[in-house]
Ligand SMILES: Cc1cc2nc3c(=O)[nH]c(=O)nc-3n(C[C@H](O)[C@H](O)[C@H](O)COP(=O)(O)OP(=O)(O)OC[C@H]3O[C@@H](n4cnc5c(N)ncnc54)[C@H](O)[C@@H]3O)c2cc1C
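Quick setup: one chain, the form predicted alone, written in structure tokens, and binding and motion questions come after.
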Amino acid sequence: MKDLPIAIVGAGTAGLASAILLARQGWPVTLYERVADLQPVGAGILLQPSGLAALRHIGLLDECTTLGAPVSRLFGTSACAQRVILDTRYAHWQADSFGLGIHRGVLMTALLSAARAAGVTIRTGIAISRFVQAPGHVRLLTDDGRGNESVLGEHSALILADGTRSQLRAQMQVRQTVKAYPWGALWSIVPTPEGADSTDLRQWYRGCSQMFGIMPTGVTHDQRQTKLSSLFWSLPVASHGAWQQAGLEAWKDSVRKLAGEPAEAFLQAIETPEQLMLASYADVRMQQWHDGRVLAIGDCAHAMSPQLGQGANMALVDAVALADALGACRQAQSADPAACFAAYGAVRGAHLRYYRQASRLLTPLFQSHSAWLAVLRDSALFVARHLPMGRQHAVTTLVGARTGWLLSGKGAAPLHAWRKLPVEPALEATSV
């Protein structure tokens, strides 16, 4: 693996973070992205302490916390706040811990700048059509759309980080399934109304079928004086057309009936339907994440529903685990990528297995038409809020610290297995 570059496909969170860490270790890295012009776009995301610890390891924590907005708790109620459904506070894990609401474009800008500074070769506007493995390398090919292929070169290993809808993942000789979720969400980022600052990620529910949320999202690199908030509205993907036909005012009326007065000032910033972007999700399962010299990471390997807010966090933790695995191979002077990737899979297995299971379990409790699941959810969360064990399980799941239904905390969280990535030191909450 010493002479040929490592290829990474996909300039998202997992791809960029991995490229940075591997390049800093001395590996030659070439990052391929099908989009010609990388732009800081996207919705707001919630970074958990696990992701923040990874950002500290990469060296981007200060930049991101300066621009993001600290989140102290997830607080959800029934329609018009008549009954508390969810109240999970980071302080129940560590007194000074927090989540970070951040514009996805802010995270991507920080990662992209760091990748360029690390010496990563970034090639945009290139769509990889397939790969061919050989005993000593992986060959990448592109297709011009008319059946004419061209070879991009040979690489010592291939990291697939091209997201949930990866076309290359299916070429891996690994059993895998991809199942689309029937529910998605409408997202928008709006200026935070004056006097509406909050450290809560606020949600309102009507049964399992309606959910509206507001998340503090910080500022961007270019507009540091304008605080932002992310709005999200749950709906079945198949109902998007009907939602468009009903019109924007009909949707606003639904939000008002659900959330009441606190939502009004945010709704005023939504003037056209185009400000609300539809996000759909899928569940990706793989028997294993590597096939010879090829490894899948991030959403390409283990996409899940957004109910636990772990997508970007898992991608960042993947990158640190991958760098650790390849760093160990480099020290051992190992030339076998498959062995390195198997070691990576062994480290990530329990952590990802738990969050995939938890995500699948929680999704219908918040996105379905089931009345009895709503009763079950509300009853279970009520008990969990009032029992120390329940609160502990909820918050350790939230922060990304669990490796199983019975395991959490120090010695159990994967982050603690990496001496380079401690999570005990306090992260000082900063607000712009």
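No experiment lies behind these values; they were computed from the predicted model shown. So that there is no doubt, residue numbering starts at 1 and follows the sequence shown.
Although not depicted, the form predicted in complex with the named molecule is the subject of the following passage.
None of Tyr354, Tyr181, Phe131, Phe232 but one reaches within 4.5 angstroms of the named molecule in the predicted bound form through a heavy atom, and that residue is Phe232.
The single contact residue among Ala339, Ala328, Ala269, Ile126, judged by any heavy atom lying within 4.5 Å of the named molecule in the predicted bound form, is Ile126. Among heavy atoms of Ala110, none comes within 4.5 Å of the named molecule in the predicted bound form.
Residue contact with the named molecule in the predicted bound form: Ala19 places no heavy atom within 4.5 Å of it. Though the partner is left out of this view, Ala380 does not reach within 4.5 Å of the named molecule in the predicted bound form, counting heavy atoms only. For Trp243, no non-hydrogen atom is located within 4.5 Å of the named molecule in the predicted bound form, even though that partner is not displayed. Looking at 43 to 51, 64 to 72, 363 to 371, 380 to 388, the stretch with residues near the named molecule in the predicted bound form, meaning non-hydrogen atoms within 4.5 angstroms, turns out to be 43 to 51. Residues of 14 to 31 lying near the named molecule in the predicted bound form, listed in sequence order, are Ala14, Gly15, the criterion being any heavy atom within 4.5 Å.
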